[in-house]
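What follows is a single chain, given as structure tokens, in the form predicted on its own.
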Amino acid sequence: MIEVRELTKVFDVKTAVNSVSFTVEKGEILGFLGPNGAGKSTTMRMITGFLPPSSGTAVIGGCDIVGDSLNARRKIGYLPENAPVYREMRVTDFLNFCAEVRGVDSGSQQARVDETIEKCFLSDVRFQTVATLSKGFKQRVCFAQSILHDPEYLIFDEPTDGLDPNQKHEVRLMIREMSAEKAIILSTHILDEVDAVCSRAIIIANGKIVADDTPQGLKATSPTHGSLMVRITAEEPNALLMLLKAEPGVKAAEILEQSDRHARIRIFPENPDAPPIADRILAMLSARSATVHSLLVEEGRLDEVFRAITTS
């Protein structure tokens, strides 16, 4: 596993990371979230040995990143932010250089580089210099070097930054496939990515962990979790709203949009985790001659939870 123990980093008088501790087991994809300046990248740089901690440590597969740094780093694949690569090198030369640095066996090195180029969709640009590549391709080259040596532990800082929607989908699929045998930490600003890829999420703010749960668990704390969103056409939407508020099991209801006889209504149940009241609501609306165009049970929104936690 990756075990982070009381990691702290102080720059002059500013504490960027304050006693952060967590573990990541093999098979987990941990989303590491936080606003700008929260300490995400600093934490990841300490875990990978790029920055020395002011105190605390990280243990990577049994190797202490402070006391046994070289062996710990051998186990890690790291994609830093902003995709640092050698601009003057061709893609294939850069990856061969990374393979040599990583100690990939010379007999299998070229096959490993070719396999990684194929896996990261770099075949069309393999003989181009990095300087001529788009931001998205540079990101993929840096992603390729992080998985080239087949490490047990992967740490990705904004892995889909600069990629188009198709490329993002491909990279997310690749991360999910690799997670079966690896422990992965993934920092991202894209909350949909956490929902799509991560099995667990940590939110950090002001250098401290303020939430640690599954994406579903975090969404369950959203104010809209379990609420019903219904679009209707009715003779008197406001009168219907009063009846909805009086319905058993309904805590509150509000009209979000209204135009003549058309309305979009949000209904809050008294217990969001109880069996849904959607069937009763539909029956009640039908009995009063309202036409229901759509009904959605909200599972909650990560952006609402993120804002509430990081601005409180």
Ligand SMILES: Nc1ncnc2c1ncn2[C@@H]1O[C@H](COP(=O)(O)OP(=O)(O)O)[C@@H](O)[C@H]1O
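Residues carry their position along the shown sequence, with the first being 1. None of the values given here were measured: they were computed from a predicted structure.
One more form of this protein exists, namely the form predicted in complex with the ligand; it is left out here, but the text below deals with it.
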Of 56, 61, 35, 272, the only residue with a heavy atom within 4.5 Å of the ligand in the predicted complex is 35
4.5 Å heavy atom contact, residue 42 and the ligand in the predicted complex:
yes
Please determine whether residue 292 contacts the ligand in the predicted complex, using a 4.5 Å cut-off between heavy atoms.
no
Using 4.5 Å between non-hydrogen atoms, is residue 16 touching the ligand in the predicted complex?
yes
Using a 4.5 Å heavy atom cut-off, which stretch among 6 to 14, 284 to 292, 300 to 308, 19 to 27 contacts the ligand in the predicted complex?
6 to 14
